[in-house]
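Before any questions on binding or motion, here is one chain by itself as structure tokens, the form predicted alone.
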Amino acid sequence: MTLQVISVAEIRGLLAQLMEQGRVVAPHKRPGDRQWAFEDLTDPADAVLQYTTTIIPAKKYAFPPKETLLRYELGQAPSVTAVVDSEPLVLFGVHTCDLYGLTALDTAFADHFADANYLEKRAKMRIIGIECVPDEWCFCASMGTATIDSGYELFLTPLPDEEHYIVEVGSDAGDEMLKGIASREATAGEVSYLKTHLNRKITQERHLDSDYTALPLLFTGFAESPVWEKWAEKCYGCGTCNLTCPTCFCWDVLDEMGLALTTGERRREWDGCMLEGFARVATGENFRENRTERLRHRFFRKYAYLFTRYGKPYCCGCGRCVRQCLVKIDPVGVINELIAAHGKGGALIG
């Protein structure tokens, strides 16, 4: 399908149409400076079209912060029932970084043992992406996620008048969404603007001093760097970077019994490798006791371990981690410092 152009009024009409069919989630303005969050949409006018980033990424709709996995009853004939809650959902206003984050989680949750809870939610999810408004913390261009050509039904890019958007159709479901919505074919000038816009987006000031594809190899020389200790001294170990990250997917599993001790449920909750208790095991041993070890592990996991396993980085360059960090531990700053200190001839360790 050729590129189409629709007006903001038609976008809100599309949202109203989708809300008649089921649940729709969209970015909303929150109190405070530059704060947005994905929330259930009750009025199409509340959906924010242009924003930098939400506090928590869209992954929470496929991988909720708390989720019941099974319920059980004890007694002479114990029973266990698996719980997989899912429903059709339209995610509106998802940026390319969050789209990348979801595709990264798709890979991880389908690996080895397919995760039914995650995959069923994703199967019922339709996504309308939208172009972002980058700020000084974004570095998606350095991670190869400034543009994306799949993972959405529709993708919207604003034209200079901000009253009209170019629409890219990414699936048959996207084609279906546009039925009944007034649109016109994009002109040659509008298509040219789209290319110019994307070229401008990938020339961000904040960038890595290396091609991201070289990171796994570079990290082999970073294991014993004093750079980790320097940044770890600033870190509070609060785990905010983990919990706001679109590609982090660690969790803990907990059992909660009823007061009568005859029924209970098992649930999973988000966890994070920067939290002190994350690596503590049943004997009380903690194999990453200090913040330096935890910080180093977090970076290695995102830019080396998972990159090597899945062939892509587990960082989308959205900048949420540094934007929310109280002491502004910036992945770009840390990695560039490592490259400067060890990138040329660093010791090969591990």
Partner chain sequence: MADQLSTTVHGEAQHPPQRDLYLPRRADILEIVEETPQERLLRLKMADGVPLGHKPGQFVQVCCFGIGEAPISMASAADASGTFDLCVRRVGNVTGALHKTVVGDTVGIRGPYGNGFPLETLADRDLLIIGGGIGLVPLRGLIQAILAQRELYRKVTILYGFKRPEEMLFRDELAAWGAREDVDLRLTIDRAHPDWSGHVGVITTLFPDLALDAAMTKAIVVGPPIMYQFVITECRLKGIADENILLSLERHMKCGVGKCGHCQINGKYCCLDGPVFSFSELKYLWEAI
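Positions refer to the first chain, counted from 1. Everything numeric here is computed off the predicted structure, so don't read it as measured data.
The discussion below concerns the form predicted together with its partner chain, not included here.
Annotation: in the predicted complex, residues P134, Y193 and A340 none come within 4.5 Å of its partner chain through any heavy atom. Under a 4.5 angstroms non-hydrogen atom cutoff, its partner chain in the predicted complex has V84 among its neighbouring residues. When contacts are judged by a 4.5 Å heavy atom cut-off, D111 counts as touching its partner chain in the predicted complex. At a distance threshold of 4.5 angstroms between non-hydrogen atoms, Y305 is in contact with its partner chain in the predicted complex.
Taking non-hydrogen atoms only, Y212 never approaches its partner chain to within 4.5 angstroms in the predicted complex. The partner is absent here; in the predicted complex, the one residue of R280, H207, K234, H197 having a heavy atom within 4.5 Å of its partner chain is R280. Contact with its partner chain in the predicted complex, judged by any heavy atom within 4.5 Å, is made by just one of V80, A260, A182, A188: V80.
Looking at 198-206, 237-245, 101-109, 174-182, the stretch with residues near its partner chain in the predicted complex, meaning non-hydrogen atoms within 4.5 angstroms, turns out to be 101-109. Shown without its partner, the chain has V253, D255, M257, R266, R268, D271 in segment 253-273 as residues with a non-hydrogen atom within 4.5 angstroms of its partner chain in the predicted complex.
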